[in-house]
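We begin with a single chain expressed as structure tokens, specifically the form predicted alone.
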Amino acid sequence: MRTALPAELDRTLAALLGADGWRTDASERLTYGYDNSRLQALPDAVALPRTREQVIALVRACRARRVPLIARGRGTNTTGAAVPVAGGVVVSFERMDRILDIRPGDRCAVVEPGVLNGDLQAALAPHGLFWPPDPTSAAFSTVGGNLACNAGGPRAVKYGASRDNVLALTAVTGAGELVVCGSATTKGATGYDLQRLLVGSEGTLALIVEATLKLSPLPPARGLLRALYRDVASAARAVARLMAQPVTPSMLEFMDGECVRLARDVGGADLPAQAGALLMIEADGDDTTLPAALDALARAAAGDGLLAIEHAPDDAARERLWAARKALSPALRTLAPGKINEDVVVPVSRIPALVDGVQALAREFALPIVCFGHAGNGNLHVNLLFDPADADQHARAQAAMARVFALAIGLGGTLSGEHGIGLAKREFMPQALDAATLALMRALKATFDPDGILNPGKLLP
């Protein structure tokens, strides 16, 4: 089947990329038309470049004919950021998957955007290093995708998200120009911080073709505490204490009362009936410093409302304590066939107000909503459960999620900590950012992408 692309462009890009790198068959296009948001649209073609030179030529050819370009890693994004809603060409970076250099002395690695996060971690481990971003999809999401959405994960509380762990980027703008932003140094004061600007821009400003990543030493040892609390307020006060003392946890995960109940009653986790919230507190270090760190974290976790605190002395015990968290996702599926999972961020001190507000919305809209996530950053995942086949439930779910966003913003937070905006949150951007800020973002978009061909319809309202 032929596509809606101009015939001349079709021939040009087929010659550039070869038959295996330029796909216009309907079945192939369908494969690249969706991401983990379950949203879907059919692109006109799929490009699979192998080199930056091909990317430059691709962008220039599409710009000349005003054809949209949508960058794609492995489609793990949950907000529709990789869905080609305006048609055009999906640019899959799966073949630009080389680890170009690992420099242990400089604590950096140079990679192409299609490298899988999990493959990078495996290559770094023999050097005693790791790249901190660890989203749930780390085993099969790409570094380019992680950078595009500023992916984080549990380790972000200590090590930062993707934006905090990139030193330099090479990218192709919407004008087809190759730009190099940043340098392989941990300090720099030479002009604007453009590499950090590109991280989280969801492919709307430029297409990343190479990244120099900041690495961290692998800690030789880890220890885990699981703290159970009477209620969310008690757990949130403990989070504030944990984040105020000198020892920064390497992970600080939160589960609300509904999560605890589900993990216990459906997932079979060993948790007491009176537990109204749970914290998973992890520290890393060496055998000399780790015991003192865990002791400091245990003291900070103690306080009014603490029901019990358990320590995992070895890997087997760690897995046992993590079982409650791992039992949660399967348990959610027993409540409803559909789920909206959005991440919002509030100041840590406002976590109780966020969870209380979410539960009030659950009652108002008569739908189950559960909260869990990265408490140390105030970044919670709000899971709204409903039946997509029920039109009334679907409408109530959409209305409830809009109120969740408004609640987070009203508490001094924002729309996303690590999932990004994409399509799912785009219409709420004017609530999160004022008109002058949005106008500045549009001006930046026009500078990087003067004809608006890069991922149109995403991020900006």
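The first residue of the shown sequence is 1; numbering continues from there. Just so you know, these numbers come straight off a predicted model, no measurement behind them.
Another form, the form predicted together with another copy of the chain, is not on view; read the next lines as being about it.
Undergrad: Please name which of the stretches 34-42, 410-418, 392-400, 61-69 has residues with heavy atoms lying within 4.5 Å of another copy of the chain in the predicted complex.
TA: Among the listed stretches, the partner-contacting one is 410-418.
Undergrad: Thinking of Asp106, Thr173 and Val180 as the candidate spot, does another copy of the chain come within 4.5 Å of a heavy atom on all of them in the predicted complex?
TA: Every residue of the candidate spot has a heavy atom within 4.5 Å of another copy of the chain in the predicted complex.
Undergrad: Of Ser329, Thr289, Gln274, Thr136, which one comes within 4.5 Å of another copy of the chain in the predicted complex, counting heavy atoms only?
TA: That would be Thr289.
Undergrad: So another copy of the chain isn't shown here. In the predicted complex, which residue out of Leu307, Ala184, Ala353, Leu335 has a non-hydrogen atom within 4.5 Å of it?
TA: Selected option: Ala184.
Undergrad: Please run the contact check for Leu16 against another copy of the chain in the predicted complex: heavy atoms, 4.5 angstroms, yes or no?
TA: Contact with another copy of the chain, no.
Undergrad: Evaluate Pro113 for contact with another copy of the chain in the predicted complex, applying a 4.5 angstroms cut-off between non-hydrogen atoms, and reply yes or no.
TA: No, Pro113 stays farther than 4.5 Å from another copy of the chain in the predicted complex.
Undergrad: Even though the partner isn't displayed, in the predicted complex is Phe448 close enough to another copy of the chain, meaning a heavy atom within 4.5 Å?
TA: Phe448 belongs to the contact set for another copy of the chain.
Undergrad: I'd like to check something about Val85: if you look in the predicted complex, is any of its heavy atoms closer than or equal to 4.5 Å to a heavy atom of another copy of the chain?
TA: Taking the distances in the predicted complex, the answer for Val85 is no, it never comes within 4.5 Å of another copy of the chain.
Undergrad: Taking only heavy atoms into account, state which residues of 433-461 are within 4.5 Å of another copy of the chain in the predicted complex, ordered by sequence.
TA: Leu433, Asp434, Ala436, Thr437, Leu440, Met441, Ala443, Leu444, Lys445, Thr447, Phe448, Leu459, Leu460, in sequence order.
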